[in-house]
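Only one chain is included here, represented as C-alpha cells and corresponding to the form predicted alone.
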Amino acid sequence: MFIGQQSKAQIIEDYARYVNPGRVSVFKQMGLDFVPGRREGVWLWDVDESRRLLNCRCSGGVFNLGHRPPRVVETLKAAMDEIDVGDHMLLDEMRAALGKRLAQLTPGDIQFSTFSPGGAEAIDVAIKLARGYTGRPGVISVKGGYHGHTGFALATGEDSFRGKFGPMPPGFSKVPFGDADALADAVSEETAAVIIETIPATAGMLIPPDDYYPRVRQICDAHGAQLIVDEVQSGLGRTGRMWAIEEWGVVPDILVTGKGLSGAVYPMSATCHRPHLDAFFQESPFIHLSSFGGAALGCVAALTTLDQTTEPGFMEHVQAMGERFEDGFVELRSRHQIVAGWRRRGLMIGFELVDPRMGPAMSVALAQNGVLAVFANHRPSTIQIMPPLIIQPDEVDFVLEALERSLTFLTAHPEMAELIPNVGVT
C-alpha cells in the first residue's frame, strides 16, 4: 500500500526537488543511492528490491529491537482502537504507567520523568531543569560529545555542528572526555550541570578510565552541580546492561533516554530525574510543555519495548553476540594490518582503523558488501557498529564476512581513502 508507489528514480528525483538536494548529491557521489523499502528485523531492502543491507547503524539505537518489532507493532495497532496522542496539558494514564516503569528501571532514586518526542528536546529539558533548579548558568560538556542539533543540546556540541548558526547561548564550555582532573579545574560555583554521553558514540565509542565516573560524581557533589548522563544511544540494553552508567555504579541526577524507547515505531524520549530536582517543577508545573511529549500511543510503544528489553535472557543475548563480534575482530586483526583495534561494551562497538581517511571509504565498502554502518563523525577512523540487539549468530557472521571483504578491498585499493568525502554523518 505504501512502499514502491513510484519508481526508485522518481523517488530520488522528488527527494532532490522537494526535500534535500544536497543529501541526494552526496549519496550519489558515494554510490549509496539506497532508498529503504521493505524492512524487517535486522534487514533493510532497497525499494526496487535490488539489494538488502544489514542495519548496523540503527539510527544510533532507534532499531534496538529491529525494524517493525512484531510485539510493539501489534500492541500499537490495538491501542489505536482506544486512544490517540492525548492532550499534553492533561493527566494521562499511559504517561503515568510509563513514568512508573522508568522509575523502577532507572538507577538509584531517580523517580520522575518528563517526556519528549526526541533526544535533543529531552536534553534541552535536562539542561533547563538543571539551570532552573540551581539558578546557575554554567553547563560543561565534553569535547567530541554529541547531544543533538537543537537549542541547548546544540550548544553543548562541537563547532562542526553549531558553528554556522551564529553565537551560542553563554555559559557553555567543554573539557576532554575521561579527564577528571580537567573537569575538576573547570567546575565552579557557577556550574549548573555537567553533561556527558556515558559512552560517546560520535567521538568514537570511547570508554573512560574505571575511576572516571565516580570522580565526576564526587566533583559535581562538591560543587552542587547536577550530573546529566546522556543514555540516548548507550541505554536500553545496548551495552548488555539496562543503562551503561550501571557499569560504574554511579547514580546521575538526570538520565536522558530516547531513540530505542520508541520501539522504532513512535517517537519517544524521557528526561528522568531524582526527587530533589522536582522542587523546580512543583513551583512551576507548566514551565515546560510539549504537544507530542509523552503521547499516549508513544507510551504504549515504549512500555512494550521495555517489557521485551527486560525479559530474562535478553541482556545475556546482547553480551553473547558482542563476544561473538569480538572473537571475529581478533581474526580480522590477525589478517589485516589496517585494523588498529576496537572498543566495545555489549553491542556498542567502535571498530578502529589505522587511518582516519579510511572511515568514509570503509562505510561505502561495507554498504557494497551488504552492511549499513557509518564512521564516527568526530573520529572518522572509527566505524560505529550498532546492530539491532536481536541480531542472531548467523547475522553477526554476515557482518564479519562483510568486514573481511571490505578490509581486503581497502588494502588493495588505498586510493579509495582519498576519493570518498567525509560528509559529517552522525
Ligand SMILES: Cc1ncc(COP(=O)(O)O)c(C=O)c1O
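Because the structure is a prediction, the values reported are computed rather than measured. Residues carry their position along the shown sequence, with the first being 1.
Omitted here: the form predicted in complex with the ligand. The next part is about that form.
Stretch-level contact check against the ligand in the predicted complex with heavy atoms at 4.5 Å: of 203-211, 88-96, 227-235, 313-321, the positive one is 227-235. Proximity of Gly350 to the ligand in the predicted complex falls outside the 4.5 Å heavy atom cutoff.
Proximity of Val187 to the ligand in the predicted complex: non-hydrogen atoms within 4.5 Å are absent; the residue sits far from the partner. When contacts are judged by a 4.5 Å heavy atom cut-off, Gly119 counts as touching the ligand in the predicted complex. The closest non-hydrogen atom of Gly148 lies within 4.5 Å of the ligand in the predicted complex. If you take 245-260 and check each residue for a heavy atom within 4.5 Å of the ligand in the predicted complex, you get just Lys259.
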